[in-house]
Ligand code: GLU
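Shown here is one chain on its own, the form predicted alone, set out as C-alpha cells.
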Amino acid sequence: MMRTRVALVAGAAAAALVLAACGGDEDGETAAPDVTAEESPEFEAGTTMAELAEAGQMTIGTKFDQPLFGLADLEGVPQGFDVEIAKLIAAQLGITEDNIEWVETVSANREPFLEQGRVDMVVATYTINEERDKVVDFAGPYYVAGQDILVPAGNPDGVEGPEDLAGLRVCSVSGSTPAENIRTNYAEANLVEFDAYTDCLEALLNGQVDNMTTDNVILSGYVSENPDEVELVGNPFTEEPYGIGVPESEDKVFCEWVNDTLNELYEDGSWAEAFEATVGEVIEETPEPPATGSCETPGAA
C-alpha cells in the first residue's frame, strides 16, 4: 500500500512537532480502531459517491492543532475523533485511509477550500450555522459541543463565564464561531485573534493573553496536555453542533448520503468506538450521538 499522503497547509509544520492526542499507546499516539473499507461499493452513475469510489481516493480537510479531534502526529498525519469519522465515511466509498489526502484546514479557510474544490469534504470541529450554510452543505451534526473558557491554573481573574471577560485579553481563532460570539455578544472583552488555536494556547502560556475560548472538548484536550498550567472554567454557554461540510449542490445527494452513513455509524457502534478511542481518553462517559438533520435545514432533526 502507498503511504498516506498529507498536504501540509498553513502551519502544519509547527503542528507536526506536537504529540498526538493524549492517551493511546506508548509512542503518544491515539489508539484508533481499525477501519475496513467496503469492497466494490456501487452508486448511481454521475453522483459524487460514484466519482469518488471510482477514483479510489479523496481529499479531506481537518484540523491539525486540536487534541482529541484533529492533531498532527510526529509524521504530520492527523489523529483524533474528526479523523476517525472521516475515515469511516471514506471507507463506505471503498477508500482506505492510505488513499486519503489530509489537508489542514483552519477555521477561516474551511468554506473557501470547499468552494474552490480543494477538498471533497471537511470534518474539522465545524459548527453548523446559517451563514456558512449559504455557501456549503452540511451533513450531521455528528457531535454537539459548547463554548467554554480556558484560563491559567488557579483562575487568577476569577472568570466564571463570558460576562467576566470585560477588559480581559481573550484569544480565539479568526473565522470561528467562538470568536464571532465574543465579538458580537461580549464586546467589552479585548478579543485577540490568531489563525490557529495552538497560537492562542502559546499566547496564554506566555501571558500574552488572559484566557482563550473555543469549544469545551477542544479546550479539554489542551488541559490534558498542560494540567499544571491551565484549567477549564467548565461553564459552557453555547451549543455547537459539529457538521460535515461538503460542496454546495442543488440536489444535496452527496450530503444526504453522508447523513445516511452517519446514521449507520450510530447504529453499528462505529461512532461510539471512534469516540471512546479519542475524545473518550478525557471524557469518560460516551454520549448518545445527536440526531442528524436534513441537508436542506442542517442541524434540525
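Throughout, we count residues from 1 along the sequence that is shown. Just so you know, these numbers come straight off a predicted model, no measurement behind them.
Not on display, but discussed next: the form predicted in complex with glutamic acid (GLU).
Three residues, Tyr143, Asn259 and Pro289; all within 4.5 Å of glutamic acid (GLU) in the model of the complex via heavy atoms? Looking in the model of the complex, the three residues Tyr143, Asn259 and Pro289 all stay beyond 4.5 Å of glutamic acid (GLU) (heavy atoms).
Please tell me which of Asp120, Glu84, Asp215, Glu104 lies within 4.5 Å of glutamic acid (GLU) in the model of the complex, judged by heavy atoms. That would be Asp215.
Option touching glutamic acid (GLU), based on a heavy atom within 4.5 Å in the model of the complex, out of Ser220, Ser176, Asn211, Thr198: Going through each option in turn, the one that passes is Ser176.
Contact flag, Phe69 vs glutamic acid (GLU) in the model of the complex, heavy atom cut 4.5 Å: No, no contact at 4.5 Å.
So in the model of the complex, does Ala124 come within 4.5 Å of glutamic acid (GLU), heavy atom to heavy atom? Yes, Ala124 lies within 4.5 Å of glutamic acid (GLU) in the model of the complex.
One stretch from 155 to 163, 186 to 194, 93 to 101, 125 to 133 that, in the model of the complex, holds residues within 4.5 Å of glutamic acid (GLU) by heavy atom: Only one stretch passes the 4.5 Å heavy-atom test: 125 to 133.
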